[in-house]
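Just the one chain here, the form predicted on its own, laid out as structure tokens.
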Amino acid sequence: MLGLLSRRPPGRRFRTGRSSVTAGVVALAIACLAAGLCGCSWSENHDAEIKAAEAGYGPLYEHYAAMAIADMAVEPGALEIGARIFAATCARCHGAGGRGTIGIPDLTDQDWLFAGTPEGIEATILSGRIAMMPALAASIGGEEGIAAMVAYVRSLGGHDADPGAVEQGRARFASVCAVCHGADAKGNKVLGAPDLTDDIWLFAGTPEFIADGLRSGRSSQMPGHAGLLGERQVHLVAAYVYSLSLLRSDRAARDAGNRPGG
């Protein structure tokens, strides 16, 4: 996706309705930002380049700031800029394609710990998020309780488990875990408590990983980027991130339609 978005010919102009800004100036602006994030030293020449870039791409950012995120998510110019900012600031954790890794969310699916609406994504990037699950071994009956809870949670995702252990886990879940994950185990986006019924896991869903999480707890934190990027750049990144999940959803729908009998 990033490769496709960056293949715009150098010097081609984005039409903003109020002014035209070359893609080369935008590329320079993002390159300068990336250099700063990598710890490169600033020279007087760099400062001059940044000032020149701001004079050029400022009107473009202002133009996109007035657009809805959902509209920018299908607008090539906005997506190119958002992709470049993402590559400079977000890819180090979420990966170049936004697929994440263990403990880092996949941004290309429809499974969101917090709100996955355009506004929710923007709020997450601006202010950051903190999610935490405490160690629960003592609360659910030690290793025996952990084994029962693992069986129950795995069964929620459609995995086979011992029926007796599942029932024991169900009772422990209702008294300890439902306060965050909900009685139906569908999660709570206000708290960042994940849905345990969809078999999508931030830290992997093997019995060993689930048991380890119950013993030791889990914590995740994403820093806020308002101070680093500013609201206008965050607005563009939010549109790009939102577009990633839209693309995967569209592909899945097309694949389903192409199946025999679909």
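From 1 onward, residues are counted along the sequence shown. In this text the structure is predicted, and so the values were computed from the model without any measurement.
Note that the form predicted together with heme C isn't included here; everything after this is about it.
- Contact annotation for the candidate site: Val153, His181 and Ile200 all lie close to heme C in the model of the complex (heavy atom within 4.5 Å).
- For Thr124, a non-hydrogen atom is located within 4.5 Å of heme C in the model of the complex, even though that partner is not displayed.
- Though the partner is left out of this view, Met149 does reach within 4.5 Å of heme C in the model of the complex, counting heavy atoms only.
- Within this chain, Arg232 is remote from the site of heme C in the model of the complex, having no heavy atom within 4.5 Å.
- Remark: Asp111 counts among the residues lining heme C in the model of the complex, judged by a heavy atom distance of 4.5 Å or less.
- Site annotation in the model of the complex: the residue of Val166, Ala185, Leu79, Leu107 reaching within 4.5 Å of heme C with a heavy atom is Leu107.
- Looking at 63-98, the residues that come within 4.5 Å of heme C in the model of the complex, counting any heavy atom, are Phe86, Thr89, Cys90, Arg92, Cys93, His94.
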